[in-house]
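Below, in structure tokens: the form predicted on its own, a single chain.
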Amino acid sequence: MVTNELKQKEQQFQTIYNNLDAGIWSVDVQRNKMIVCSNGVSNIYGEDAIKFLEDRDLWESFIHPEDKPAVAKAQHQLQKGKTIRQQYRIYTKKGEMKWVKGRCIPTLDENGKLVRIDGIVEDITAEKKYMDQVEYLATHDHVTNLPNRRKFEKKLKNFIRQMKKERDSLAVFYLGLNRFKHINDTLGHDVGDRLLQRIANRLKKCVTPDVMLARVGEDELAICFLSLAHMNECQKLAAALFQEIEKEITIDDFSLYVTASIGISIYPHDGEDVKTLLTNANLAMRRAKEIGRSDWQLYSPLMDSETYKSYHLEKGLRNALLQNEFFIEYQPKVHTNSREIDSIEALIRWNHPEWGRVSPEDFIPLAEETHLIIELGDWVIENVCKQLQQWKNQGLQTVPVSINVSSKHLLKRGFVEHVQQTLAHYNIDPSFIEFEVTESSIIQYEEHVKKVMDELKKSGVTFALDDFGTGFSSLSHLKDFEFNTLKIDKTFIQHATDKGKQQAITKSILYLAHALNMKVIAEGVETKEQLAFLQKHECSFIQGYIVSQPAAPQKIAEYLKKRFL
């Protein structure tokens, strides 16, 4: 009976052993001989198992030449009894390149001498290709296939390091297309997208392979030229770029003409880091737009003043805090299928006594520049907590409220304590507060921001990654920061029903969020078609005009009574 059971188990083991996709092997180190080699090894390498059994070192001949040093270096750890895990490339017997994941487990004798190595090898080529595809989508613009802002900044950082080492210069050209928004509005996004593609293709031919060309905004491109500093060189390049951009483009019988404005900043004269160079090139581009179309400007420190904005708007902002001109509107986020309110987002608004409503796009960047964003942020947190307490006192069943928070606010000393004290003062459970941050706001202060997030998460506050996919998207941020929620930017939702790369990106983001067990919210949902697409691909929550535009607290109180929208 026992013998039959043993035979049965041995047969089961043999079946599993011979049919595993992974390869299993074992080496007798003292005899320098491979003693076990499963069919899985043969399937991966395309070589008979018997060949591996005959030649213990045969596997090394399959390793990609570029990966051999790293693989060999790791092998020394086995002598110390350490298990090693590696990913590297191989060429099969037929010459096909594969990615494999290997694990080597050493066995030492009582004297600490290596006597046996057992191993498992897996083919991870498909997984690698998928991750490369997702990484490409995250670092490239879906319309033009140019690198996006995130990729451009990363490459520019490397170029700056290189130029510093070589004591050389580089120039950043910031291009703003002057008629692009008008074309989008009048002829539609499809025509606008194809126009961008044509311009991108022209500029690709205009620059050499070592030049970095990227799309860094809706109607903005950036180019980095190495070893460039003289004004006459910049003038020649600007003239060549204008010539390419301003040629007639025919799309669907429409003859289109686009002009551009170019701003230029030069390293190290106009800045020694990525942020400063891009900011100054952008500032120069805006000055070129003020002067006239088809113009270019070198950055000048005088541009920093921007007298009108810094005086009038900043003065207005400071007065607004004193005169209580700010107020908050709230926009619901609901369950995609049931329309039950899940949470709401707090959105700061400014009602100026002379100008009326000032767009957040105008005053938020200024608040960031002048550090008033910290005071505004404190004001929002205080008023959201006060509002939550008021709704509770009215007997309403409240839901969590999300607050947009800038990196400068997160970096403020005592931010965590201030949040905790405010919550305690108004008797608000921390789980009812969610902070929304963008990748662009954390990118330069990752360690500090992560520390602040971890402290607040311990007390129950949650965090959402806002505007995912708009230029800075990094998979490492999803892994390292462990956000509770991922918000898909409205620019993706607007094109989600178009069959193309934009839809593929949206699907990939949804798949990624589900795989990471993250709550995912689609922003800017406006049409039934967009809603149907999101339902089909199991996006659990939506936010947008199809449900409700941002509304006053009184209206939200009515929503909370109804619970369903």
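Numbering starts at 1 and runs along the sequence shown. In this text, all values refer to a predicted model and were calculated from it rather than measured experimentally.
There is another form of the same protein, the form predicted together with a small molecule; it is not shown, and what comes next is about it.
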Within 4.5 Å of the small molecule in the predicted complex: all of 345, 364 and 380, by heavy atom? yes
Looking in the predicted complex, any heavy atom of residue 23 within 4.5 Å of the small molecule? no
Can you tell me whether residue 524 touches the small molecule? I mean in the predicted complex, with a 4.5 angstroms heavy atom cut-off. yes
Residue contact check: residue 406 to the small molecule in the predicted complex, 4.5 Å heavy atom: yes
Can you work out whether residue 494 and the small molecule are in contact in the predicted complex, taking contact to mean some heavy atom pair no more than 4.5 Å apart? yes
Which among 346-354, 122-130, 67-75, 235-243 is in contact with the small molecule in the predicted complex, heavy atoms within 4.5 angstroms? 346-354
Considering 153, 439, 270, 436, which brings a non-hydrogen atom within 4.5 Å of the small molecule in the predicted complex? 436
Only hit among 490, 142, 286, 101 for heavy atom within 4.5 Å of the small molecule in the predicted complex is 490
